[in-house]
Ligand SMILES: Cc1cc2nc3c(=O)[nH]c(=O)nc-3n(C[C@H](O)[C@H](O)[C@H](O)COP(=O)(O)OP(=O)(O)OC[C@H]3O[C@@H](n4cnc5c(N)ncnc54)[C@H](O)[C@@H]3O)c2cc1C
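Quick setup: one chain, the form predicted on its own, written in structure tokens, and binding and motion questions come after.
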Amino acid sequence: MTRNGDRPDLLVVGGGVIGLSVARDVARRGLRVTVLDRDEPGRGASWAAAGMLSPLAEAHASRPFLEFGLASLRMYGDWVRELESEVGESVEYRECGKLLLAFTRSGSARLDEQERLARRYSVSASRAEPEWLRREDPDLARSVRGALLVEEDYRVDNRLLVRALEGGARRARVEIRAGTAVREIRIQGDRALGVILEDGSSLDAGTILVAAGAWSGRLEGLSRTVPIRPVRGQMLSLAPEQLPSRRMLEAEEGYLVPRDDGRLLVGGTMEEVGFRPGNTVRGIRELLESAIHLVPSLESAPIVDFWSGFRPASIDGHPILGPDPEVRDLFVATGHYRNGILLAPLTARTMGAVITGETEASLPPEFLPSRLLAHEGSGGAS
């Protein structure tokens, strides 16, 4: 990749955790990088997340995702320590573990499946009997039938993380332009040349990375729409007198994530409503009911805040990572759904290497954009 005047070597469309992570990585490899974000960097799905780093619970027996997620998790500590050193701030990375709880027969079957996966992939996890739970976390509901303690489940404060990534990217001399919405990828022949903004102006670039999360499917100019749809997620936070557990808690109907400042995050709904923003009575009710079901004493906890965001979901559930199969100098990093925070370190490293021409072999074939050619015309944001 060669430099050309003031034109950036890489133009990243989207300044969430994925866009910022890849931008920082590529800039540290010596290239000139510009990030464009339609809002403030990191204020989309990255801001609305809970910060759980949970590859096992999210895998659903998908080998490519689980292997990629575990590899990303196992590089997380070094990745965030380096980032914290750069910016001089903590991102509240905690290797706290998670309790997967079962209240029903189907919930117990899920624990069995998760335990088998843990053994197969050498993940530290063990069954926790109700008696142990009552000694360890006495505020848990008495109706718990069983639990799996997954020790390789961690958490990070996602909002602190995106702020740190923005700072780290700027220190690597990444130019970040907030409030700059991209309307179209400008393509001539089989090569991407730049972007056209919503105001009609254009920007040239040596290479373009689409990392616009749920909005990736709305970009014009491509021969094929990026098959991404938004899935709304609602969340809220509580301020209990004391946290019910130092670990994360998860059951079929929801999850609880503690914060160091004593807040407890409650999540999260999954709603196919297109780009309809905001919270609803039904969504908040579901969250509160799930929290009280897990920990009955939370019914007296004050509600601190509530919010929503749009997760970027692909048509087959896997991220879309790698070079566009038909357009040169165009790359994609989107479709991380509920796992952008978890997958950020490995996505940054692998995409950084691919974009700079170091390798293409490190990306799972199940993640490559070329796999989607068979789905042409069937995707896109709703």
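Just so it is clear, the model here is predicted, and its values are computed rather than measured. One-based numbering along the sequence shown.
Unshown form predicted in complex with the named molecule; subsequent notes refer to it.
Enquirer: Any chance P230 has a heavy atom within 4.5 Å of the named molecule in the predicted bound form?
Expert: Close contact is absent here: in the predicted bound form, P230 is far from the named molecule, nothing within 4.5 Å, heavy atoms only.
Enquirer: Taking any heavy atom pair closer than or equal to 4.5 Å as contact, tell me whether A169 reaches the named molecule in the predicted bound form.
Expert: No, A169 sits far enough from the named molecule in the predicted bound form that none of its heavy atoms falls within 4.5 Å.
Enquirer: Any chance T350 has a heavy atom within 4.5 Å of the named molecule in the predicted bound form?
Expert: Output for T350 is no: heavy atoms all beyond 4.5 Å of the named molecule.
Enquirer: For G254, is any heavy atom within 4.5 Å of the named molecule in the predicted bound form, or not?
Expert: Flag for G254 set to no.
Enquirer: Going by heavy atom distances of 4.5 angstroms or less, which of L117, A301, M235, A205 would be at the interface with the named molecule in the predicted bound form?
Expert: Contact check passes for M235.
Enquirer: Among the candidate residues P345, G69, G42, P323, which is the single one with a non-hydrogen atom no more than 4.5 Å from the named molecule in the predicted bound form?
Expert: That would be G42.
Enquirer: Quick check for you: of 205-213, 121-129, 84-92, 106-114, which stretch puts a non-hydrogen atom within 4.5 Å of the named molecule in the predicted bound form?
Expert: That would be 205-213.
Enquirer: At 4.5 Å, heavy atom to heavy atom, what parts of 160-185 sit next to the named molecule in the predicted bound form? List them in sequence order, or say none.
Expert: Heavy-atom contacts to the named molecule in the predicted bound form: T180, A181, V182.
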